[in-house]
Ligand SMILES: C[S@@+](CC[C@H](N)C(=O)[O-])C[C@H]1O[C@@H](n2cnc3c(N)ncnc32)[C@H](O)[C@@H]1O
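Quick heads-up: it's one chain on its own, the form predicted alone, in structure tokens.
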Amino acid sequence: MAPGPILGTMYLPSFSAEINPLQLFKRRINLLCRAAEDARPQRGMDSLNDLCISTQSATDLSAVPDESIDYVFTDPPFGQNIMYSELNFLWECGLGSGTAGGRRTDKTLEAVVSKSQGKGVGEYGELMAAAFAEINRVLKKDRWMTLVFHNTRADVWAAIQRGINAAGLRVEGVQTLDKSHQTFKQVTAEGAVGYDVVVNCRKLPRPIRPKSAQAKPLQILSDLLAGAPQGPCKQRTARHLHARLTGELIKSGNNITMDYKDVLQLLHHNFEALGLKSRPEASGEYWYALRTD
């Protein structure tokens, strides 16, 4: 099977493989049919009638009644990393958007950090906070929201934290998502994050104040390295440690104030950076260990 293009990226490849669009479309249809078949035993033969897809801003879910949703899974825009509406522009032009009967993405409420749109971290944070407020409104009491997110910038993470707290959602647990297969940017760009942070939040019957416990990043990193497997492994790489540190700070209610480059400096100054990895799961990265002196 020929490899496909890099999603979310405009580029000129060194080697271009032509893909049959009819075969690609057929594979996608088969995938959707299999998903529908898997859903029927759980939901009954009329399960597809329960499905609703809507296209409005997450800052205004007025079509959804209060406290009517059991669970929310959200994978929001990662700050300044991907400009979704700009990437859609060529597709929308090809599909006749902007003409009679066609529509282009309204960028007004797109939650991104974008110079061309005049949106900084402040505007991004306000849009995300409005979306979290709507999620809190439509969630039933004592139900859950799962947020999958990561960013190298501390101010973007702080905006996410403020939005979650302002909405009245409480962080109950944090995990690290290892997608195993690295993206093109993660392989080629130094400093690209490699692991997403999964934040599980619960809607409580009454508003709560965020925790005020003080967690020290250096101690968290020391504990993570002490509990990691011995020898070269992905658990000892800067990308993994940054994701775990971010998750631990969120879980303890502490504000995130360190960018990825700050975490790198903390690792270099306080721990032992050992060789370049030879193992395929984290090639080209240093791995860190506690100092023995």
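In this text, the rigid core denotes the largest set of C-alpha atoms whose superposition between the two forms falls within 1.5 Å. These numbers come from a predicted model, not from an experiment. The numbering used is simple: start at 1 and walk along the sequence shown.
Another form, the form predicted together with this ligand, is not on view; read the next lines as being about it.
**Student:** Flag this candidate site as yes only if 58, 75 and 109 all have a heavy atom within 4.5 Å of this ligand in the predicted bound form; otherwise mark no.
**Tutor:** Affirmative, all three are within 4.5 Å.
**Student:** Only one of these stretches, 77-85, 157-165, 170-178, 197-205, has heavy atoms within 4.5 Å of this ligand in the predicted bound form; which one is it?
**Tutor:** One stretch meets the cut-off, namely 77-85.
**Student:** Answer yes if the CA of residue 31 moves 2 Å or more between this form and the one not shown after aligning the rigid core, and no otherwise.
**Tutor:** It does, since the residue 31 C-alpha is displaced 2 Å or more between this form and the one not shown after the core fit.
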